[in-house]
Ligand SMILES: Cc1cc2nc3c(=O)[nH]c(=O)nc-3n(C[C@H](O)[C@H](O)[C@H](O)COP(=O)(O)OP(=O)(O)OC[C@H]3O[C@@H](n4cnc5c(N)ncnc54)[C@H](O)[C@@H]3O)c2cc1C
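Only one chain is given next, in structure tokens, and it is the form predicted on its own.
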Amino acid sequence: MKKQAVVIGGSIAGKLAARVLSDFFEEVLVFDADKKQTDTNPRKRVPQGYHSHALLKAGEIALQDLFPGFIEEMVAAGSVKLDFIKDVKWAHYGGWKNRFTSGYHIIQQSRPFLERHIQKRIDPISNIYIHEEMNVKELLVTEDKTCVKGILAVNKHTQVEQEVYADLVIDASGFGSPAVKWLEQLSYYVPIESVPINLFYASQMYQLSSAEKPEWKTLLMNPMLPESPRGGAVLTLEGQTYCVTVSGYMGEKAPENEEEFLSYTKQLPYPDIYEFIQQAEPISDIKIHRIPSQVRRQYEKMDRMPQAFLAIGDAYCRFDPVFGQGMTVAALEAQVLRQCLAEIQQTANIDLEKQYFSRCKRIIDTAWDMTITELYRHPQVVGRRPLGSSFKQWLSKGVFETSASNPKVYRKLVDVMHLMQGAMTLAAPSVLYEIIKHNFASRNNKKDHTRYIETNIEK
């Protein structure tokens, strides 16, 4: 075992990284700028914790792998278990998807609830030490600047600085990470891809006053760019509470009070969220969070990189939260970290940084491609369209529309959404056949409808 590893940040990604490192290092030191979470509220430095979060199926499997029995423990503690196809009422691309019993079960809960239970699993691990309210000021490197050898940490209250040496440093400090700036000061260049989305999301917690519960456990209304940049969701959470979230792209105005919030839900394509709010009671203030852009720090494309430095979670890539991919990608990256460290134990002839970032790239590519395919439908989203964008947009639109009434295509779409399969699954001949058949039937239906109207007009 190596002696010491440092994790910058106590986020979910940081906790998962620490869990993995604890199997390979004598000591794992987590330096968190925040205080340890002790109540049901989001941590101070996690404002997005007030909003709807999704743990995708691939993320559940990764957490179960890192913490055996974790999903059962979450359900017993109050997480809502649901069949993603049967229990999710989903308005998508102009219509509601048909629901059926699929056995595709996931769990649903608030982010603070999930984070507390991950921390609960971290606490008994004797070689993980969490240093609260500590900022990391810079990286410590060898004289030739080719290897990171630790961090310079400073106490937020006393301003006392401390040099901490480590065999490996992992940045899990979130989107606001200064790591790119630190590396630039050491003459390293990190390519960055940024896609402006000007997204807001606003959330409020509710309870139902009546004993009668909705016939769904999740209600989704996806934006459809560019025609409809607004969306909304209602998630059933622990304690029979409901998180209602509305969102808007490209400069849509966020509702700042209950009257505006209600009005915003009324303007969505379907009245279901508005009608739900009408019969529910708000139990929190409205919280607003803004995401100006989706940003990817392309560590895997660096011409040269220092040894003993990695990044995970939003410090590596921040996704459009409407797609709910962030926590799951962080969990999958933690699994990659474990694979790489296990291989190093077997043979020292492995470039950890290159292997880790190249393997994580494949995970990020799938999620990133899914989001930008939809985002680039909006003319105000500027940037270089990837090769094949037109075909991908045709394909995804065809999958979205066909899946509303085709169970086989719907199931494949859910697999890709939950990062269980790559996006090319949707380009399989069997799926293309169903899309073409659906489009042909739709055109014939439109022709029949037009012919019927023309005939009645003549009469």
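Everything numeric here is computed off the predicted structure, so don't read it as measured data. Don't overthink the numbering: it's just position in the shown sequence, from 1.
Below: the form predicted in complex with the ligand, not depicted.
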Non-hydrogen atom contact Ala54 with the ligand in the predicted complex at 4.5 angstroms: yes
is_contact(Asp314, the ligand) in the predicted complex, heavy atom dist at most 4.5 Å: yes
Val46: touches the ligand in the predicted complex, heavy atom cutoff 4.5 angstroms: yes
Contact label in the predicted complex: Ala172 to the ligand, heavy atom within 4.5 Å: yes
Stretch in contact, per heavy atom within 4.5 angstroms of the ligand in the predicted complex, of 121-129, 288-296, 68-76, 270-278: 288-296
Within 4.5 Å of the ligand in the predicted complex, all of Ile8, Pro321 and Gln325 (non-hydrogen atom): yes
Answer option from Ala404, Leu395, Ala33, Met417, heavy atom within 4.5 Å of the ligand in the predicted complex: Ala33
Partner contacts in the predicted complex for 130-155 (non-hydrogen atom within 4.5 angstroms of the ligand): Met134, Asn135, Val136
